[in-house]
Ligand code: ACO
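In structure tokens, the next block holds one chain alone, the form predicted on its own.
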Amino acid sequence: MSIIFRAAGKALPAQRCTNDDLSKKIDTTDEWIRSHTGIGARYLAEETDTCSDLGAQACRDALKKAGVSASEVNLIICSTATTDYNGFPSNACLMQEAIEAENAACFDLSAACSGFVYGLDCAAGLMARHNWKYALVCGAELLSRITDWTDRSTCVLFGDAAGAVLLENNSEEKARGLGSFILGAQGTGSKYLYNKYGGKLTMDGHAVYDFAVGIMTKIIKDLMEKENLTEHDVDFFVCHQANERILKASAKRLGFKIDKFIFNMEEYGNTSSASIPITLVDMEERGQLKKGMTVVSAAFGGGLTYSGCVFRW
């Protein structure tokens, strides 16, 4: 049995906000933001937008590409830090209603930017246990709703987006699918990145940077050892798109060529758990990502959580 990627979809709010647009509202410049983060723009939700609507759009996109009906989906997992409701119903349940996936079990997952990879592992385990055919794993975030727009050191980082993948339980595919996973957390670092109830996102940028570079390097190294991979065996490193400097520093520590690391935060900013799936969509649309390619993925986020996986597309 293999749990394979059948399709990937994404959704973005209509409003695109460039660094120059931001500089009209806060004391910053395009040059400063780009040089410190690699970010050039982000998409921001309108007041009428909801996180579950964005997630549902991404799921519809994946289903349409796969030619699979929503009624065939057995499971929906939504990784999000910005639920529509306080506690319940889950975004996943709202998404189930929106796409008419009436046969799907549904729940939300809270692991911040690491959540999409957490969701992949949860979905694979449940699909194997229940012999389910299809699962949607979605990262959907409206981070602009919890961003402190008076804090110029953090507000330039984040954007709103949703990305989803359709997983298929396929016994005939032997060379493709999900491989090894690493999941973990360092709760002692929770004070470095948090969002108190009713408050705004707070981050100690230096502490998060140090954690991120260290843990991303370790995740990638450990995953490759698990799968007996060398740098030459890996087609791409598709990691959480938080900051260009973090990915470049991780590649340097590993001694790997930077050209295998994918960067797309220039267009989207940090979209938390949506960043990896929307990166996969963009790569496929550009013709970069082809069937059978080996990808190593790693992420980190508030908690502090971390996750990683190896998969063959």
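What you are looking at is a predicted structure, and each value in this text was computed from that prediction instead of being measured. Don't overthink the numbering: it's just position in the shown sequence, from 1.
Beyond what is shown, the protein has a form predicted in complex with the ligand; the following relates to that form.
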Worksheet item: Given that the partner is absent here, does K248 sit within 4.5 Å of the ligand in the predicted complex, heavy atoms only?
Response: no
Worksheet entry | is_contact(L75, the ligand) in the predicted complex, heavy atom dist at most 4.5 Å | no
Discussion item. My question is simply whether T37 lines the interface with the ligand in the predicted complex - judged by any non-hydrogen atom within 4.5 Å.
Written reply: yes
Item to complete: May I ask you to check whether I220 falls inside a 4.5 Å heavy atom distance of the ligand in the predicted complex?
Response: no
Worksheet item: So which of 180 to 188, 152 to 160, 228 to 236, 101 to 109 is the stretch with heavy atoms within 4.5 Å of the ligand in the predicted complex?
Response: 152 to 160
Discussion item. Can you confirm whether L193, M203 and H206, the three residues that make up this candidate site, all sit within 4.5 Å of the ligand in the predicted complex, judged by heavy atoms?
Written reply: yes
Response to the item:
The one residue among S90, Q96, S144, N243 placing a heavy atom within 4.5 Å of the ligand in the predicted complex is N243
Worksheet item: Does any residue in 94 to 115 get within 4.5 Å of the ligand in the predicted complex, counting heavy atoms only, and if so which ones?
Response: C113
